[in-house]
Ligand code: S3P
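This document starts with one chain, in the form predicted alone, laid out as structure tokens.
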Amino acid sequence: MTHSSQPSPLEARKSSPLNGRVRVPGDKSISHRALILGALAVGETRITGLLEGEDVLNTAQAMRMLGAKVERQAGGQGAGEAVWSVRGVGVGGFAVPSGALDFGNSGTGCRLVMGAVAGCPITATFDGDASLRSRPMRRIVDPLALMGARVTGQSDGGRLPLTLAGARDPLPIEYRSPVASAQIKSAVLLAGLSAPGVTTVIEPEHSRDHTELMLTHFGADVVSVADGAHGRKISLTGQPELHGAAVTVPADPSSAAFPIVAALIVPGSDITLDDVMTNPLRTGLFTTLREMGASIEESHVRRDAGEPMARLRVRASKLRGVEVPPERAPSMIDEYLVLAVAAAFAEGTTVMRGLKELRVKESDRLEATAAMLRVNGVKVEIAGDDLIVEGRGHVPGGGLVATHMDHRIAMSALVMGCASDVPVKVDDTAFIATSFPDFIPMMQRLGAEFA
């Protein structure tokens, strides 16, 4: 597997004010999709700002194993910025891989590539690390089976390692997703590229739309319309010829969440983050933090390949507890962990509703988040799928946080330690490399004290 078995513990101590200007890594969701669609396109796709974390590098290697030519080239528009070149095989053109496709810790990479493979007449085995092997895949492969793909081998409960035989004659379907999940939607749409006619996904709430925007950027015909009060109906016309395209990956709002919350809770802090994606389907955290009283200012707004981005200035703020509605969950599902940290430093109770999806991430993030807070002296409760945090304006700290091989728990705990009364210890930070390889040195450049 991808990761070393040696844990890498770390302690975060109360920091002086955080200051500086940084660009957090490229967005992971965009990075995965740029590689996958580049591999399914005809011609060359050139990608700048790609997140070079383990998750994305595993997707790049999977694309190589499926027949695409993927190369990292030094130099770009920015100083020292790498450009990634992908020469694709065309829709339905993946080759049989020579071995298992190992996605390490990445559920996104694994599930999206399952969709892409499902539309090709090949068989591939999908695998990952211990964390990914524990996560459910059935809700992805069930709709793919309706399109003609077959699972020919799997672990108990539909888990990895899983062998998928793609459809020789993929069928277009209309699929009503039981949950708002960009991964389910994307897998079905990617499989639908190879099917004649129109493939449609109907979701109960509008999940992040990066796949639709990027499919359009590469030349596919995608139509997205409202369906009911909060839902969405997305239709893709199958068998397009996708063409290689230039993609500039914006900075990841999920990664930006960590220095943003750190700056808000460490008194006197004032930081600037460049080119952060501001797609409204990804900025629920920013909305919530502003409701809590956070000072987050936007400037230098622009778009690239349909995705909006802006420069953010964040200053330390006195936060107050709020209620976060369940319909906001799809726009901030990865950010609830670090929002819980902000809530612990706020005055008053914060209620985060409708967090069922957190139970099927890298770990049971709902339980892990509550445990992270409790061990550091914060009063927290889980009521059904709701997380309730009692903020008292400060966090005692002093706890040892079990990360469960989850990068976001590790980063959230380190952020908490930057402002807690007593240092916070994290049992393992090795998995941070899956999404944010430069997190620790970048936070130290801003003034965070880790040891």
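For clarity, every value in this text was computed on a predicted model and none was experimentally measured. We number the residues from 1 along the sequence you see.
Keep in mind that the form predicted in complex with the named molecule is not shown, yet the notes after this line are about it.
Residue heavy atoms within 4.5 Å of the named molecule in the predicted complex occur in exactly one stretch of 228-236, 170-178, 368-376, 326-334, and that stretch is 326-334. For the candidate set 249, 319, 182, 201, a heavy atom within 4.5 Å of the named molecule in the predicted complex is found for exactly one residue, namely 182. A heavy atom within 4.5 Å of the named molecule in the predicted complex is found for one listed residue only; from 108, 154, 278, 131, this is 108. Within 4.5 Å of any heavy atom of the named molecule in the predicted complex lies no heavy atom of residue 353. Contact between residue 217 and the named molecule in the predicted complex is not found at the 4.5 Å heavy atom cutoff. In the predicted complex, residue 29 approaches the named molecule with a heavy atom inside 4.5 Å. Residue 361 belongs to the set of residues with a heavy atom inside 4.5 Å of the named molecule in the predicted complex. For the partner-free chain shown, just 208 of 201-224 comes within 4.5 angstroms of the named molecule in the predicted complex, judged by any non-hydrogen atom.
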